Structure formats: structure tokens, C-alpha cells
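Only one chain comes next, encoded as C-alpha cells, the form predicted alone.
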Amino acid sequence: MTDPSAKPTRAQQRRRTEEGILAAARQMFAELGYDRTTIRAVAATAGVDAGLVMHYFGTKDELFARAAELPADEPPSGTADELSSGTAEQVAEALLTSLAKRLDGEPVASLAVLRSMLTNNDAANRYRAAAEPQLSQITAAIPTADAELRASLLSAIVHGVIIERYLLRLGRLADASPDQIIDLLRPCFQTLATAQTPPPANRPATDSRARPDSHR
């Protein structure tokens, strides 16, 4: 049993320092994007010297590559197991479950990439590489000829909700409860994933008497 009062080893100290630097880097990349984040600013946030950041991670590109590695609880859409072995209905629920987790706790690693990918090709390529296999799995589960388009729309909704809630912070989406958001999205996700036909919109009847006669 490890003595909690024991002095940490050099390896443990290094690991803690690296984790602190990565946490600071993710937060700054998420808030400022790649171009506006500097090694010096990351070092100041982490409470270390800029030279130590470069010693551990080398360049800003290498620091970003490590900071942008998505942990298991921040997949672009859902976990591979949830998406690869399920019906269309189950895939829709898996996407909603994954989104709910990210609405309940700020997905800092995802936000670091999403903020940066708009101005940095490496960030865009990194996120695309992580998202494409899952997009293919979603497509395979949808039983329609336009499955690829439907899967893309589901992915776009997920990304749009995350960006709106955490980066743009516009309207009620920024502070609405995850349950409320998921409940409102569920019919849309089920319709897109299962090829259900939504009921026709109730359009008001057109009164020809109220419309001006163009022949007069």
C-alpha cells in the first residue's frame, strides 16, 4: 500500500508537471485557438517556466498534438462499441448518450480542436481523422440510400450543439439542462437514423378570396 505522505518520485513529479501543462494547453487552445495560444502563455497558466514546456513537448505543434488527443470520454460522436453493433435506433440513442455526457461536463480536449480547426489545417485534419471512422459506422447502421447524408447531418448537429453551448454561448442553449436538450433532439435523431417519415407540417389553408387577383 502506497504511503500518501511519501515524497513523490522524480517520474511522478514529471508526470504531474506534464499533466498540468497539458491541462493548461487544452484550456488555452479551447479559449483562444491554435494561432493565439503561445508557449509562454501556457507556461504561465501552468505555473512553470516556458523552457520546461519546450523541454517536455518541444514545439507548439507537438504540444497541440498531445493536447488535442481526445480521451475515451470525449469521442467526436460516440464510442466505437456503441456505434458498431446496434440497430439504427440504438445508434441514435448512443449518439444522444455521448452528447449528453459532453453537455454535462465541458469537453475541453474537443473544444481545443474545434476552436483551432477553423484556422489550423493540422487541427482540422486531426479531428477529421478521429471523426471519419465513427461517421462510417453511423452510415452503416442507417437503412436508407441516403444514409451518408443522414449520418453527416447527425454529426453536424452534435458538433453544432457543442460549439453553440461552449464556444458561441448564444441564447438558451448555453445554460439549458442536458436532459432538456436531449429530449428535444431525440425525435430528430430517431427520424434521421431510422428513416421514419415525420408528419407533414400543418400549413394554414390558403384562402383564395384573401389573395389579390393578379388578373385585375
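Residues carry their position along the shown sequence, with the first being 1. Keep in mind that this is a model prediction, so the values were computed, not measured.
A second form of this protein, the form predicted in complex with the DNA, is not displayed here; the remarks below concern that form.
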Just one of 184-192, 167-175, 147-155, 45-53 has residues with a heavy atom within 4.5 Å of the DNA in the model of the complex, so point it out.
-> 45-53
Would Arg26 count as touching the DNA in the model of the complex under a 4.5 Å heavy atom rule?
-> no
Even though the DNA is not shown here, does Ile39 get within 4.5 Å of it in the model of the complex, heavy atoms only?
-> yes
Is the gap between Gln180 and the DNA in the model of the complex 4.5 Å or less for some heavy atom pair?
-> no
Could you tell me if all three of Arg10, Arg14 and Gly58 have a heavy atom no more than 4.5 Å from the DNA in the model of the complex?
-> yes
